[in-house]
Ligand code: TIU
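Only one chain is shown below, in C-alpha coordinates, and it's the form predicted alone.
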Amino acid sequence: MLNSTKSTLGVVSAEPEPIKLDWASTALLIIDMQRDFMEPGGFGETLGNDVSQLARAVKPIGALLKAARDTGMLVVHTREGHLPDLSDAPPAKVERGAPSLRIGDPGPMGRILIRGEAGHDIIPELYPLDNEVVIDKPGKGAFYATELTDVLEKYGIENLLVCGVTTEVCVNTTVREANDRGYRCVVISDGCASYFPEFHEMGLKMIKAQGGIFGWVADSAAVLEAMKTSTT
(Lines give C-alpha, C1' and ligand atoms only; values in the text may rest on other atoms or scores of the structure.)
Protein backbone atom coordinates (compact mmCIF):
# COMPACT_ATOMS: atom_id res chain seq x y z
CA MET A 1 0.00 0.00 0.00
CA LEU A 2 1.37 3.40 -0.98
CA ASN A 3 2.65 5.83 1.60
CA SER A 4 -0.19 8.17 2.59
CA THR A 5 2.10 11.24 2.34
CA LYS A 6 2.27 10.79 -1.43
CA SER A 7 -0.12 11.98 -4.08
CA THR A 8 -1.29 9.16 -6.33
CA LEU A 9 -0.34 11.00 -9.52
CA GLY A 10 3.00 11.88 -11.05
CA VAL A 11 4.27 12.98 -14.46
CA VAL A 12 7.39 11.28 -15.79
CA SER A 13 9.56 13.05 -18.33
CA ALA A 14 9.80 10.34 -20.98
CA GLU A 15 10.07 9.66 -24.69
CA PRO A 16 8.22 9.97 -26.99
CA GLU A 17 6.28 12.22 -24.58
CA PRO A 18 5.72 12.74 -20.85
CA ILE A 19 3.42 10.22 -19.20
CA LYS A 20 1.13 10.70 -16.21
CA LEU A 21 1.14 7.72 -13.85
CA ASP A 22 -1.13 6.80 -11.00
CA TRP A 23 1.38 5.39 -8.53
CA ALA A 24 -1.35 3.41 -6.79
CA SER A 25 -1.78 1.33 -9.96
CA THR A 26 1.91 1.15 -10.88
CA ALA A 27 4.38 -1.66 -10.18
CA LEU A 28 8.15 -1.93 -10.49
CA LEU A 29 8.99 -4.98 -12.63
CA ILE A 30 12.64 -6.10 -12.41
CA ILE A 31 13.55 -8.60 -15.11
CA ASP A 32 16.03 -11.44 -14.59
CA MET A 33 18.77 -9.80 -12.51
CA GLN A 34 20.15 -13.28 -11.87
CA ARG A 35 23.64 -14.51 -11.14
CA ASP A 36 23.54 -16.78 -14.20
CA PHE A 37 23.30 -13.70 -16.42
CA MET A 38 25.24 -11.17 -14.34
CA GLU A 39 28.25 -13.04 -12.97
CA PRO A 40 31.27 -14.89 -14.42
CA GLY A 41 30.66 -18.62 -14.81
CA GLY A 42 26.96 -18.24 -15.48
CA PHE A 43 24.92 -18.91 -18.59
CA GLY A 44 25.60 -15.47 -20.06
CA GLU A 45 29.32 -16.06 -20.05
CA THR A 46 28.98 -19.59 -21.44
CA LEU A 47 27.41 -17.99 -24.52
CA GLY A 48 30.61 -15.99 -25.00
CA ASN A 49 29.33 -12.71 -23.59
CA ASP A 50 31.10 -10.06 -21.52
CA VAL A 51 28.93 -10.10 -18.40
CA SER A 52 30.49 -6.87 -17.11
CA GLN A 53 28.34 -5.03 -19.68
CA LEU A 54 25.29 -5.69 -17.52
CA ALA A 55 26.72 -4.20 -14.31
CA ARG A 56 25.78 -0.66 -15.35
CA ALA A 57 22.09 -1.36 -14.70
CA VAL A 58 22.51 -2.42 -11.06
CA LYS A 59 22.86 1.01 -9.42
CA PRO A 60 19.90 2.65 -11.24
CA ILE A 61 17.70 -0.36 -10.46
CA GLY A 62 18.82 -0.23 -6.85
CA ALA A 63 17.76 3.42 -6.57
CA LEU A 64 14.33 2.67 -8.04
CA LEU A 65 13.93 -0.38 -5.83
CA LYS A 66 14.64 1.69 -2.72
CA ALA A 67 12.13 4.35 -3.79
CA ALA A 68 9.49 1.72 -4.56
CA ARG A 69 10.00 0.11 -1.18
CA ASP A 70 9.89 3.47 0.60
CA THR A 71 6.55 4.35 -1.02
CA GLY A 72 4.97 0.91 -0.75
CA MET A 73 4.82 0.32 -4.51
CA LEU A 74 4.31 -3.27 -5.64
CA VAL A 75 7.67 -4.82 -6.59
CA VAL A 76 7.88 -7.85 -8.87
CA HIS A 77 11.11 -9.71 -9.64
CA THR A 78 11.42 -12.31 -12.40
CA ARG A 79 13.82 -15.21 -12.86
CA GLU A 80 14.25 -17.21 -16.06
CA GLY A 81 14.94 -20.87 -15.46
CA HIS A 82 13.69 -24.41 -15.66
CA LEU A 83 12.59 -27.37 -13.59
CA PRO A 84 15.36 -29.83 -12.69
CA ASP A 85 14.02 -32.43 -15.12
CA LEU A 86 13.92 -29.83 -17.94
CA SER A 87 10.31 -30.76 -18.71
CA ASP A 88 9.55 -27.07 -19.30
CA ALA A 89 12.62 -26.45 -21.46
CA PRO A 90 11.94 -27.03 -25.17
CA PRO A 91 14.72 -28.98 -26.90
CA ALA A 92 15.00 -26.20 -29.47
CA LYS A 93 15.98 -23.83 -26.65
CA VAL A 94 18.38 -26.19 -24.92
CA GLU A 95 20.14 -27.17 -28.17
CA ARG A 96 20.38 -23.69 -29.70
CA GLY A 97 23.82 -22.22 -30.37
CA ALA A 98 27.12 -23.54 -29.13
CA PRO A 99 27.59 -22.48 -25.50
CA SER A 100 30.40 -24.02 -23.48
CA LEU A 101 27.73 -25.18 -21.01
CA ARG A 102 24.09 -25.81 -21.86
CA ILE A 103 20.96 -25.34 -19.76
CA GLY A 104 20.97 -28.01 -17.07
CA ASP A 105 24.73 -28.66 -17.20
CA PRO A 106 26.74 -28.39 -13.96
CA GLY A 107 28.46 -25.02 -13.62
CA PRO A 108 30.35 -22.98 -11.01
CA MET A 109 27.05 -21.86 -9.43
CA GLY A 110 25.16 -25.13 -9.81
CA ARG A 111 23.24 -26.43 -12.79
CA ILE A 112 22.86 -23.73 -15.41
CA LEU A 113 19.46 -21.92 -15.35
CA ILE A 114 17.85 -24.50 -13.07
CA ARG A 115 15.43 -23.34 -10.40
CA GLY A 116 16.80 -23.65 -6.89
CA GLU A 117 20.44 -23.44 -7.96
CA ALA A 118 22.64 -20.55 -6.80
CA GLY A 119 23.13 -19.22 -10.33
CA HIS A 120 19.40 -19.04 -10.92
CA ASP A 121 18.91 -16.68 -8.00
CA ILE A 122 18.90 -12.89 -8.01
CA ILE A 123 22.10 -10.96 -7.31
CA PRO A 124 22.59 -9.90 -3.67
CA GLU A 125 22.48 -6.16 -4.45
CA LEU A 126 18.84 -6.43 -5.60
CA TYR A 127 17.68 -9.40 -3.58
CA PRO A 128 13.91 -9.55 -3.03
CA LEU A 129 12.38 -8.92 0.36
CA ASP A 130 10.17 -11.66 1.77
CA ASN A 131 7.02 -9.68 0.92
CA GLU A 132 7.98 -9.02 -2.71
CA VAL A 133 6.67 -11.07 -5.60
CA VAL A 134 9.07 -13.39 -7.43
CA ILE A 135 7.91 -14.83 -10.76
CA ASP A 136 9.74 -17.88 -12.10
CA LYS A 137 9.37 -18.03 -15.86
CA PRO A 138 10.46 -20.68 -18.38
CA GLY A 139 10.65 -18.29 -21.33
CA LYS A 140 11.88 -14.87 -22.31
CA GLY A 141 8.61 -13.07 -21.56
CA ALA A 142 7.35 -12.69 -18.00
CA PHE A 143 3.73 -13.45 -18.93
CA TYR A 144 4.22 -16.77 -20.73
CA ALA A 145 3.37 -19.77 -18.50
CA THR A 146 3.45 -17.69 -15.30
CA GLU A 147 1.04 -16.19 -12.75
CA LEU A 148 2.07 -12.60 -13.53
CA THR A 149 -1.29 -11.57 -15.01
CA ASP A 150 -3.10 -12.84 -11.93
CA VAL A 151 -0.72 -10.95 -9.62
CA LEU A 152 -1.12 -7.66 -11.49
CA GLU A 153 -4.90 -8.00 -11.57
CA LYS A 154 -4.99 -8.77 -7.85
CA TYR A 155 -3.20 -5.50 -7.05
CA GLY A 156 -5.06 -3.41 -9.64
CA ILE A 157 -1.94 -2.66 -11.65
CA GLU A 158 -2.25 -0.75 -14.92
CA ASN A 159 1.27 0.66 -15.33
CA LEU A 160 4.67 -1.03 -15.22
CA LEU A 161 8.10 0.48 -14.60
CA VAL A 162 10.24 -2.10 -16.40
CA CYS A 163 13.96 -2.65 -15.94
CA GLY A 164 16.46 -5.51 -16.00
CA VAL A 165 18.30 -7.63 -18.54
CA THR A 166 18.70 -8.00 -21.33
CA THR A 167 17.18 -5.02 -23.10
CA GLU A 168 16.57 -6.66 -26.44
CA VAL A 169 15.56 -10.10 -25.19
CA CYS A 170 13.64 -10.56 -21.93
CA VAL A 171 12.86 -6.87 -21.36
CA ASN A 172 11.60 -6.30 -24.91
CA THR A 173 9.65 -9.56 -24.94
CA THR A 174 7.95 -8.75 -21.64
CA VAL A 175 7.08 -5.20 -22.72
CA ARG A 176 5.51 -6.48 -25.93
CA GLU A 177 3.52 -9.06 -23.99
CA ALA A 178 2.41 -6.39 -21.53
CA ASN A 179 1.44 -4.01 -24.32
CA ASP A 180 -0.81 -6.65 -25.89
CA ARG A 181 -2.51 -7.09 -22.51
CA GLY A 182 -3.23 -3.38 -22.13
CA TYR A 183 -0.52 -2.38 -19.66
CA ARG A 184 1.29 0.94 -20.03
CA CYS A 185 5.03 0.33 -19.78
CA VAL A 186 7.77 2.80 -18.94
CA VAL A 187 11.13 1.22 -19.67
CA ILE A 188 14.02 2.54 -17.57
CA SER A 189 16.80 3.30 -20.04
CA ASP A 190 19.72 3.19 -17.58
CA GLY A 191 18.07 0.37 -15.61
CA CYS A 192 18.36 -2.00 -18.57
CA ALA A 193 21.47 -3.40 -20.18
CA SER A 194 22.67 -5.78 -22.87
CA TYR A 195 25.82 -7.71 -23.62
CA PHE A 196 25.76 -5.72 -26.87
CA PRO A 197 25.51 -1.92 -26.36
CA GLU A 198 24.15 -1.44 -29.87
CA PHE A 199 21.31 -3.89 -29.13
CA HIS A 200 20.48 -1.96 -25.97
CA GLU A 201 20.22 1.27 -27.95
CA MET A 202 18.09 -0.25 -30.69
CA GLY A 203 15.92 -2.13 -28.19
CA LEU A 204 14.96 1.15 -26.54
CA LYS A 205 14.37 2.83 -29.90
CA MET A 206 11.96 0.09 -30.94
CA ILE A 207 9.88 0.54 -27.78
CA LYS A 208 9.41 4.30 -28.13
CA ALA A 209 9.19 4.46 -31.94
CA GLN A 210 6.03 5.44 -33.83
CA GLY A 211 4.61 7.44 -30.96
CA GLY A 212 5.49 4.83 -28.34
CA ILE A 213 4.26 1.73 -30.14
CA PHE A 214 5.21 -0.52 -27.21
CA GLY A 215 5.65 2.01 -24.43
CA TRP A 216 7.65 4.91 -23.06
CA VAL A 217 11.35 5.24 -22.24
CA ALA A 218 12.70 7.28 -19.33
CA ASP A 219 15.84 7.28 -17.24
CA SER A 220 15.81 6.43 -13.56
CA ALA A 221 16.40 10.07 -12.53
CA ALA A 222 13.21 11.17 -14.30
CA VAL A 223 11.14 8.51 -12.56
CA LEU A 224 12.65 9.27 -9.17
CA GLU A 225 12.00 12.98 -9.67
CA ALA A 226 8.37 12.30 -10.56
CA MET A 227 7.97 10.19 -7.45
CA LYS A 228 9.65 12.83 -5.30
CA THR A 229 7.54 15.71 -6.62
CA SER A 230 4.31 13.75 -6.08
CA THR A 231 4.32 14.70 -2.39
CA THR A 232 1.19 16.49 -1.28
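The numbering used is simple: start at 1 and walk along the sequence shown. No experiment lies behind these values; they were computed from the predicted model shown.
Just so it is clear, the following notes concern the form predicted in complex with this ligand, a form of the same protein that is not shown.
- Of the candidate stretches 55 to 63, 31 to 39, 203 to 211, 176 to 184, only 31 to 39 has residues with heavy atoms within 4.5 Å of this ligand in the predicted bound form.
- Using a 4.5 Å cutoff between non-hydrogen atoms, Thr26 does not count as a contact of this ligand in the predicted bound form.
- Proximity of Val51 to this ligand in the predicted bound form: non-hydrogen atoms within 4.5 Å are absent; the residue sits far from the partner.
- For the chain shown alone, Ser189 is not a contact residue for this ligand in the predicted bound form, no non-hydrogen atom being within 4.5 angstroms.
- With a 4.5 Å cutoff on heavy atoms, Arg102 does not count as touching this ligand in the predicted bound form; it lies far away.
- Residue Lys140 is the only one in 133 to 155 with at least one heavy atom within 4.5 Å of this ligand in the predicted bound form.
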